[in-house]
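Here you get one chain, nothing else, as structure tokens; it is the form predicted on its own.
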């Protein structure tokens, strides 16, 4: 009974933390970017206002769509919710460690992407189909880099459990900072920008249909389904930021239920999120959105970095990840 209670508590905590904070984190990135560009930017609670607006609006659906179109926002929401159980924040619930492998996370992200791309084809709109094809093209470049970079960290720590990665990385101290770690971290950072749909790969703030990728797939959605799609995308962004923060700064994770330890871990987690967010905002401000046909060049370069990182990690310790 105690184990069941612990599982339920951990599920509610991980779900609640990711979905509750994601609108705030998304708006904070917009606010910081606007400040760097000399603009005022939106208020920090704008994300919550937007969700309330979407959930109050009427849902309009084309008569050309099937049940898949309305089921996709729910499927996407559930997939991202499952990913939230596998990625550490300031705590790492050990009840999910046996199922929290790298392949599971990448599979769930790919499953959500597949349904989004398939649903975007349902209405038969040109811009939705364009966004769907672009999303799948970029996905074929993202997933190998993401897998190779994470497998490098798995090799360095001898674990494929994402929840155990930060603690395993921090236990190595200064010996962690090897060429393999540096290359894998750089590849993971680049591919994370693409996975989150950030500049220079995509622009989440654009309303110009010809350049849309992720936003283009949502053009036919309205009301509550649109709110679910945006909420899921913001939560995925929060989870990737959390993974990046805990890999780039693998320290001060809560290892006990002690209130003081949890408070310190929470403060450290907020600091790490702010640091990673500022890095992303600076990159987005300094670099313009690249042309679509140059995306494959940058992701191809990050793939080379990830391959080199995995080779160096194998040479460093020998053998393949367990």
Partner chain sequence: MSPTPSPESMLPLLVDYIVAWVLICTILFLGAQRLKAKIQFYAMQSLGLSVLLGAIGLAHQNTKALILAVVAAIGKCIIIPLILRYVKRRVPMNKGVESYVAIPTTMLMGGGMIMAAHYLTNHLFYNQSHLFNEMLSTGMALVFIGMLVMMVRKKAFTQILGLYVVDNGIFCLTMATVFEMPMIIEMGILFELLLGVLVMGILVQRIHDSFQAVTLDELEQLKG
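Residue numbers count along the first chain shown, from 1. Fair warning: this is a prediction, and the values are worked out from it, not measured in the lab.
The following text describes the form predicted in complex with the partner chain, which does not appear among the structures shown.
- Just one of 92, 183, 245, 142 comes within 4.5 Å of the partner chain in the model of the complex, counting any heavy atom, and that one is 183.
- Contact annotation: of the candidates 127, 177, 114, 107, the single residue with a non-hydrogen atom within 4.5 angstroms of the partner chain in the model of the complex is 177.
- Looking at residue 171, you'd find a heavy atom of it within 4.5 angstroms of the partner chain in the model of the complex.
- Contact between residue 312 and the partner chain in the model of the complex is found at the 4.5 Å heavy atom cutoff.
- Shown alone here, residue 304 lies within 4.5 Å of the partner chain in the model of the complex, counting heavy atoms only.
- Interface membership of residue 21, defined by any non-hydrogen atom within 4.5 Å of the partner chain in the model of the complex, is ruled out.
- Only one segment in the set 278-286, 22-30, 292-300, 261-269 has any non-hydrogen atom within 4.5 angstroms of the partner chain in the model of the complex, and it is 292-300.
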